[in-house]
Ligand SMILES: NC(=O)c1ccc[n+]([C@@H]2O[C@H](COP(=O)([O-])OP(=O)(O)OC[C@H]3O[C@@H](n4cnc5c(N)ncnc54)[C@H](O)[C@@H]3O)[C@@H](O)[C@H]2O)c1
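Listed next as structure tokens is one chain, alone, in the form predicted on its own.
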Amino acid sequence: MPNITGFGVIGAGTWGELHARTYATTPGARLAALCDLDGNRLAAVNAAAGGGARLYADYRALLADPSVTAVSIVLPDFLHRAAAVAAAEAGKHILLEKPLATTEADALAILAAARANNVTLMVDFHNRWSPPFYALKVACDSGELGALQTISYRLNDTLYVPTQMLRWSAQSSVAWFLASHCLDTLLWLTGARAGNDAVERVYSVARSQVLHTLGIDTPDFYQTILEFRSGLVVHLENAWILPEGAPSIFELKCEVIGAGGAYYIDGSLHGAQKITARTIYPDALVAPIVHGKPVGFATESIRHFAHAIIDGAPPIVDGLDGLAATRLVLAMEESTRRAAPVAVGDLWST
């Protein structure tokens, strides 16, 4: 019988369930353990993933489980440091939901712990597996679009997300929840880490009105301009105050204009599926369920981590990529405080 690698999931919320079901349906992998404070939720996720996982209320107990080789940490973003450092010190490989951390000190502590204990660290920036964005990456790298001139990128959520889906939205922001994804995608598309381009300046504006009136003390939106060394200018929009009656829980639009062509992505009102009775666009790309198994690009990023651990290969996204996105979100926050542009240094240096 071939060796089977055991994976654990810390945090059994909606996204934690996707991690659990993905490990349970990946050849060579086994969902060995689950951890959550909510016992009912824990049992439900275990059942959805086929049962058989050991269940824990304390992640430290899960990390002590010898059947677990690697873990997904799917906790609120401000709780990442303690769990990730503990996982590294327990010798477990780590898939950490974005963002890596919400402070530079926390991000560097996680990186240091992973290095000191020789464990693999991947941040789950799943847009790199999105078919539309991957095709855009190929077009950028091939020169088909010519030198990139301007990008308009919108990733927004409805009010359901900060008011109902996330109980901890007041302890975070839409910049951490959505912009971190977008920023990694932009760095990847432009080849910034390979030295082909770099962000030089960030100017961001935020407002806090709608959510504040609902008793949630976090910004409604960020409007951000990123200036790249090459001359590329990006407009990034991230809001989570779209009306709950919107036909999708999120809105994703990306328009890329180069000197030789343009590329357009509609990831939300995509037209692949539409239910007119309720005027909704069901998920066709992110994590749909087919024959009882999760598929889609969000699933593929988790499977990529699983295969990396099983095969002993490095993942294509690592902790330094997470550090870069964290530093850009911190620059956004600093810019809103100053009401002025902020210069950006080396995003990947530690």
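Being a predicted model, the structure only gives us computed values, none of them experimental. The first residue of the shown sequence is 1; numbering continues from there.
What follows is about the form predicted together with the ligand, which we do not show.
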- Task: Considering the ligand in the predicted bound form, find the one stretch among 303-311, 36-44, 277-285, 316-324 with heavy atoms no farther than 4.5 Å from it.
- Result: 36-44
- Message: Under a 4.5 angstroms heavy atom criterion, identify the one residue in H235, R167, H212, R229 near the ligand in the predicted bound form.
- Response: R167
- Listed residue (F177, Y153, F221, F133) with a non-hydrogen atom within 4.5 angstroms of the ligand in the predicted bound form: F177
- Heavy atom to heavy atom, is D124 within 4.5 Å of the ligand in the predicted bound form? yes
- How about D77: is it within 4.5 Å of the ligand in the predicted bound form, going by heavy atoms? yes
- Task: Spell out, yes or no, whether the shortest heavy atom distance between G13 and the ligand in the predicted bound form is within 4.5 Å.
- Result: yes
- Give a yes/no on whether R207 approaches the ligand to within 4.5 Å in the predicted bound form, heavy atoms considered. no
